[in-house]
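Next comes just one chain, in structure tokens: the form predicted on its own.
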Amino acid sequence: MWEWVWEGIRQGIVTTGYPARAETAAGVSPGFPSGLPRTFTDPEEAETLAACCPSEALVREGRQVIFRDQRCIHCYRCLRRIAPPQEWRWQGNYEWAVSPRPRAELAKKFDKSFRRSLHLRVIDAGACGACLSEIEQLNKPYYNMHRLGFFLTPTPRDADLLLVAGPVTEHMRLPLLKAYEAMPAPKAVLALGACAIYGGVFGSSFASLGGVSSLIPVDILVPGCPPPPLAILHALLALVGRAEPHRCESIASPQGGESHV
């Protein structure tokens, strides 16, 4: 007992220094493959690499293989099943937030009054539990999102941001829509993880809408399966103008064409 007490006194408060400084601790991110797109001399090599990906995050275009991070589920098949060339590396980054809106439009959503006071309502839209576990870490001492001015709220009527995890099952379609409509303006939506972005391994079916943007407009997306807590923090900081998103681009909806975000 006293050994644990002494260890706590010796270590003090252990909280990540992000975003003031980069986080270098091991295990804080599953990472993404780097060195892509890559051109192969042999088209069969490109086909072999792309074919090992079950979520089509790796796509062959001629002799080239490109990487779509929004579809990656961190299965590591590309790393484990293929003898990787020297150029093939795995980078442990975590700043993954993608905005479907132009940067200026995203910055206009929330003014400076939201930079240190943003309230989040989490919606489980059929998630497996992995993304929810990562969200839970944000409230614990190591990540401590309260220090950055981010807080959870139990009701959408007090929420500025709807944080949605899961592919949006048919049973959660109406509750999600009602939660969004109950939020005061200005309001934003964050699609967390591959399932919320495009349906993930569940896709679009009679039981799943295949992503949040099929139902409500989305302001920012966090790839990963599940995204690590630091990736979520980066998305929140980008939303309130305290960090730059990884990129801003149009996101295709699961039904094809451009989503209404």
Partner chain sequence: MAQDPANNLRLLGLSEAIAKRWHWQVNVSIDADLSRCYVEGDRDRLPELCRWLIYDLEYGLGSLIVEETEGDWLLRYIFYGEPAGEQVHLGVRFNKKENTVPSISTIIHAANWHEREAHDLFGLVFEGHPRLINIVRHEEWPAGIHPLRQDFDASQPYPHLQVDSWRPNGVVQAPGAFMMPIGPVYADAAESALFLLESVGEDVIRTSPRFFYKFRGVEKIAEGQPLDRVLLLAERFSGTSAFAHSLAFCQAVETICQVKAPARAQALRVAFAELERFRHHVAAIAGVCNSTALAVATSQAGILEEEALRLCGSLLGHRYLFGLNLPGGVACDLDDRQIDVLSSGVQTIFRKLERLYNLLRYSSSFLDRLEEVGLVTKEQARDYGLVGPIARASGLARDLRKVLPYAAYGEVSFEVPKEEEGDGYARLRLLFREAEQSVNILGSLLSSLPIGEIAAPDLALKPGAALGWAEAPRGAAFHWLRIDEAGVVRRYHLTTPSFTNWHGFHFAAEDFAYQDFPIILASFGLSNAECDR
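Remember, it's a predicted structure, so these values are computed and weren't measured experimentally. Positions refer to the first chain, counted from 1. Only the largest set of C-alpha atoms that superpose within 1.5 Å between the two forms is called the rigid core.
The form predicted in complex with the partner chain is left out here; the points below concern that form.
Participant: Please pick, from 103, 119, 173, 115, the one residue with any non-hydrogen atom lying within 4.5 angstroms of the partner chain in the predicted complex.
Facilitator: Here the answer is residue option 173.
Participant: Check each of 79, 130, 182, 107 and return the one that places a heavy atom within 4.5 angstroms of the partner chain in the predicted complex.
Facilitator: Contact with the partner chain in the predicted complex is made by 130 alone.
Participant: Can you tell me if residue 21 lies within 4.5 angstroms of the partner chain in the predicted complex, counting non-hydrogen atoms only?
Facilitator: No, residue 21 sits far enough from the partner chain in the predicted complex that none of its heavy atoms falls within 4.5 Å.
Participant: Is residue 193 part of the interface with the partner chain in the predicted complex - any heavy atom within 4.5 Å?
Facilitator: Result no; residue 193 lies far from the partner chain in the predicted complex.
Participant: Using a 4.5 Å heavy atom cut-off, state whether residue 147 contacts the partner chain in the predicted complex.
Facilitator: Residue-level check for residue 147: no, no contact with the partner chain.
Participant: Would residue 202 show up as a contact with the partner chain in the predicted complex if we use heavy atoms at 4.5 Å?
Facilitator: The answer is yes: residue 202 has a heavy atom within 4.5 Å of the partner chain.
Participant: Candidate spot 28, 54 and 75, all three in 4.5 Å heavy atom range of the partner chain in the predicted complex?
Facilitator: Yes: 28, 54 and 75 each sit within 4.5 Å of the partner chain in the predicted complex.
Participant: Given that the partner is absent here, state which listed stretch (107 to 115, 184 to 192, 120 to 128, 93 to 101) has heavy atoms within 4.5 Å of the partner chain in the predicted complex.
Facilitator: Every other range fails; the passing one is 120 to 128.
Participant: Could you tell me whether the Cα atom of residue 10 shifts by at least 2 Å between this form and the one not shown after core superposition?
Facilitator: Yes.
Participant: How about residue 33 - superposed on the rigid core, does its CA move between this form and the one not shown by 2 Å or more?
Facilitator: Comparing the forms between this form and the one not shown, which are aligned on their rigid core, residue 33 does shift its C-alpha by 2 Å or more.
Participant: Say whether the C-alpha atoms of residue 9 and residue 146 sit closer together or farther apart in the predicted complex than in the form shown here, given that their separation changes by 3 Å or more.
Facilitator: Those two alpha carbons end up closer in the predicted complex.
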